[in-house]
Structure formats: structure tokens, C-alpha cells
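First comes one chain, alone, set out as C-alpha cells in the form predicted on its own.
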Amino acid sequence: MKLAFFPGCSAKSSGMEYAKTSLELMKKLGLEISCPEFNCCGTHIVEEYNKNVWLALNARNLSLAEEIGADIVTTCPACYQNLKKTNMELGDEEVLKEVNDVLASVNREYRGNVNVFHVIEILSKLSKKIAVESELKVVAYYGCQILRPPELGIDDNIENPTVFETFLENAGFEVLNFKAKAECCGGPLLLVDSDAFKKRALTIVLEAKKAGADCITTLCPLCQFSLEVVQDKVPVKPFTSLILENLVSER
């Protein structure tokens, strides 16, 4: 399987460890990974400001992957949804033509032949190849955006997802029941109401402690940052980092 890795902007800062370990793990598992010169996905902010610009930004990224015959994989749920949503909207031939008229100014074209995946969707299919040895009791924290809205999220139950826990258990971790696993970490509140942000993030951490967790493992770089910055009692790890730290072998 040939994949183009979309790091997202956080890969240069708070999500650096997640991006680095995701690349390392996928390569260890024999996946063919390329790293084109992608641009920012624009997030919802650019979409709200100018949807045509947002579509063109993401269409350029899709075209870069298409050019090398690869699908896109990313660690960031926001990037995942922006790319996936753009791909869906470009299924409309009229919209695709309008966007390609813009892309022509930078000598690019998108034909609609790329799929977009989150790294958990790729790695969960390869869990039988991964074996870890660890006495850690972990909780799997999805956050909210990886699941919602359902048409843009990973294919799982919105309120009670299981793909993440199943993956970790198959690898060899002891995974605890965690009722806050699909709740929001409060990350978007950080710049507008820091007190509300801290309260929300600490609620997640306290639920993990109540469950008896030695570690919280995450799918989202923003969730990882949010749960780390408000406390120092419970370690918070990107799941790819946790796997590599405890990896026995690639079966």
C-alpha cells in the first residue's frame, strides 16, 4: 500500500513526537510512505472565511498524492476531516471543474482518485503484525473530532467506539474501561476561556485516574497537548509512541 503522509502543522510543534513515531512505525510495518510538500489544510477557519480558497488548498494536497499514486494518511483529526470533506465535495463535477480552474494557475489538476485515512485506520488493519510487552494499564482516548460528524469520522460507533481499544489489546496492552474516551478535551477553548479549557481537560484526566490508568494514549495531537499541559500526574502519549516504546517485534 502506497501512502502519502500528511503531517499537519502541529507536526512542527506540539505534535512532533506523534508525527515522527507514526512515520517510523508505518515504515517498520513495511508500508511505502512518501512525504510530498503539502500545504496547510486551512482548518475550518479558512473554510468559513473563503470556501473556494479552502477547497483549492486541500485539492492541491490531494493532487500531490494522486500524482504519485498514493492515498493520504494523517495523524490529525482536523486535517483528516478537511481533506476528507474536500474529497467528498469534489465528487460534484461542477465543483471539481471550478477548483481545477484554480489549480491550473499552479500547474496542478485533481481527478478524484485519492482516499484519505487517519493513521489508526491504517494501523488497526495491521495489528496482528505488532507485539508489545508492557505492564502499563492504559486508557484509549479518542477525543471528539475523530468520530464526529459520522460522515467525516472514522467508521465506528460515535458514543461507544471500540477500534482503538481493540487495536491496543491485540498489540498486547491492558486497556481499561474509560467512560470519557469520546468526550471533548476542550482544546478549542484554550485561547478564548483558559479556565473553561482547564476544567474540561482536567475532567478527562481525573476520569483516567479514577479508572486506574498508568497512561492516557491519544489519537489526536491537540488532545495530547491539552491533557498534558494542564497536569503532570498521568503521562499522556500518542499511541504510536507508546507502541514503539514497548515494541517487542513486528510479527
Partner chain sequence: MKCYQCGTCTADCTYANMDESGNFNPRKMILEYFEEGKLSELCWLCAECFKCYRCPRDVKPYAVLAEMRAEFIRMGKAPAYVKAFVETVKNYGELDETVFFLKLMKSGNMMDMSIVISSLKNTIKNRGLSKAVALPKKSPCAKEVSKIFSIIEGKSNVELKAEDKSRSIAAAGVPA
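In this text the structure is predicted, and so the values were computed from the model without any measurement. Numbering follows the first chain given and starts at 1.
From this point on, the text means the form predicted together with the partner chain, which you will not see here.
Query raised in the report: So in the predicted complex, does Asn39 come within 4.5 Å of the partner chain, heavy atom to heavy atom?
Result: Although the partner chain is absent here, Asn39 would touch it in the predicted complex, with heavy atoms inside 4.5 Å.
Query raised in the report: Using heavy atoms and a 4.5 Å limit, would one call Val53 a contact residue for the partner chain in the predicted complex?
Result: Judged by the heavy-atom cut-off of 4.5 Å, Val53 is in contact with the partner chain in the predicted complex.
Query raised in the report: With a 4.5 Å heavy atom cut-off, would you call Ser10 a contact of the partner chain in the predicted complex?
Result: Yes, Ser10 sits close enough to the partner chain in the predicted complex that at least one of its heavy atoms falls within 4.5 Å.
Query raised in the report: Wondering, does Glu17 line up within 4.5 Å of the partner chain in the predicted complex on heavy atoms?
Result: Yes - in the predicted complex, heavy atoms of Glu17 and the partner chain come within 4.5 Å of each other.
Query raised in the report: Quick one: which of 134-142, 121-129, 103-111, 162-170 gets within 4.5 Å of the partner chain in the predicted complex, going by heavy atoms?
Result: This holds for exactly one stretch, 103-111.
Query raised in the report: Do all of His44, Ile158 and Leu190 end up near the partner chain in the predicted complex, with near meaning a heavy atom within 4.5 Å?
Result: Verified in the predicted complex; spot residues all in contact, yes.
Requested in this report: State the residue from Met26, Ala182, Ala211, Cys215 whose non-hydrogen atoms include one within 4.5 Å of the partner chain in the predicted complex.
Outcome: Filtering the options by heavy-atom distance leaves Ala182.
Query raised in the report: So which bits of 186-221 sit within 4.5 Å of the partner chain in the predicted complex, heavy atoms only?
Result: Read in sequence order, the residues that approach the partner chain (within 4.5 Å, in the predicted complex) are Pro188, Leu189, Leu190, Leu191, Val192, Asp193, Ser194, Asp195, Ala196, Phe197, Lys198, Lys199, Arg200.
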